[in-house]
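The data below hold one chain only, encoded as structure tokens and taken in the form predicted on its own.
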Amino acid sequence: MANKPLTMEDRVEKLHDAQAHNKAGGGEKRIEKQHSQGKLTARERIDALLDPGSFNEVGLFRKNRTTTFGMDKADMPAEGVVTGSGTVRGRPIHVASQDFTVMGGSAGESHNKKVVEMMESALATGTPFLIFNDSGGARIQEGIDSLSGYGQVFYANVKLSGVVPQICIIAGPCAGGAVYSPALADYVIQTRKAQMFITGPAVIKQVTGEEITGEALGGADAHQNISGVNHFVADDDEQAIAIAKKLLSFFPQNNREDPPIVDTDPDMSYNPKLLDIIPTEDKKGYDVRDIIKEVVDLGDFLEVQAGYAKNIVVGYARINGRSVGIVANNPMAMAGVLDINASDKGAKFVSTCDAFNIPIVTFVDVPGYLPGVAQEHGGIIRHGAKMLYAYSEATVPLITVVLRKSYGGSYLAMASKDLGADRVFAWPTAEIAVMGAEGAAAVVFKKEIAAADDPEKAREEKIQEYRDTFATPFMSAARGLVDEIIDPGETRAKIANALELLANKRKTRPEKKHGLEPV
């Protein structure tokens, strides 16, 4: 007797069963283990990121084509990675989330192709791309096919670069070649449950004899404070997702759009608090973030790489509802000098803002580039040049506020008029010169000081003479290198006005394939 044909209801029931099986990932026990480690599953992460009901999954039934080492019999729901699209606060986004409950989230050919397809779709539709990394690495059973898949991901990262925002959340292990996709993304958010490194502690011990724990080598704090690989540290998945949502709120969907304007805090009244932040003693430090918070809307500032190169502060905020990137020397750390790490950090941030049409506000209090043999041999010349390159290349509105010291080459590097700043404001405390008054007087008045009856008194007088002549904003204003010397209490209003005026700024560059950034 022939089998009775399946009805539509039968087929739909089979579909629902298959969907339920694949959405269950590695099964209840593995999901429980994931939860016991304080981690969400791949699908829970996507649900927490996206607006409720907005997720449209792609590739739920994708399978690999490998038959060696028993792979033809392996059950790997969704190929160990959940992919699709949805919305974050009403704005479309493409996502991928590696599923550690499925074969350790290992990335094979089909796994990586699913990720690449979402990246290509993000590129085609002009929407951001976000991926959760939680993987044991390349799927060894697939051999070269796995490596080929990684190569395709890296290639796609570069295609998306500067076109749509790319965010990577490191929510679990990330090792070997897998680390290069995050490194090619715009922003890396790493949880304290995660580690990332090219070679782990065991290999390092075998090759170099060095002993180190996985956490000390590639934990969130190591990459925040030492290597500078990650941009944000989160205690858990939920906090990482909250950071990603806030970060996205400052960005346009793609490089052809302007960032969204948000109705926040229109108050532009005089702020007397700004008069008391900079110490009267010019060698005494202060935290420039105190100034930033008094200038931006609601005092809300999302700092990027807060633990790395603390002598420069970068991050996102809004002024009169407009997204801005903030770059500021911080005298609280290393007197605010520019060194190798600060130059790299600042230059990358400026380039990112410029790529996505985010105006840049620069607060300057910099005594120079850091001197020293280690800095010179480490390449401070080429690293320091990155700041010059990034600002000179930028076409977004550039607004500079000179707070105090602004000396020598570092004056030029911090968005000076000659490097393209559209508006340069200076506080009355600004000291703009080739070098500090003490050093300059020793050079300029060397003979007069040596010939004086009282050299020390003469030295003090010449220092004051130099300071009165050059170490003020008035000489720079006279030369047109400072547009306006302002009362500190008016800073927020002055910047807001400049942003409105420059909102439709258009600036082109010579036609070329691409510039050659110092490396």
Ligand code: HXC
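Residue numbers here begin at 1 and follow the sequence given. Model, not experiment: these values are computed from the prediction.
This next part talks about the form predicted together with the ligand, which is not shown.
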property: Close approach of residue 141 to the ligand in the predicted bound form, 4.5 Å, heavy atom; result: yes
property: Contact test in the predicted bound form: residue 307 vs the ligand, heavy atoms, 4.5 Å; result: no
property: Contact label in the predicted bound form: residue 175 to the ligand, heavy atom within 4.5 Å; result: yes
property: In the predicted bound form, residue 147 touching the ligand (heavy atom, 4.5 Å); result: yes
property: Contact assignment for the ligand in the predicted bound form, among 321, 285, 104, 162, heavy atom within 4.5 Å; result: 104
property: Contact residue in the predicted bound form, chosen from 391, 363, 100, 132 - any heavy atom within 4.5 Å of the ligand; result: 100
property: Contact segment among 369-377, 294-302, 167-175, 84-92, judged by heavy atoms lying within 4.5 Å of the ligand in the predicted bound form; result: 167-175
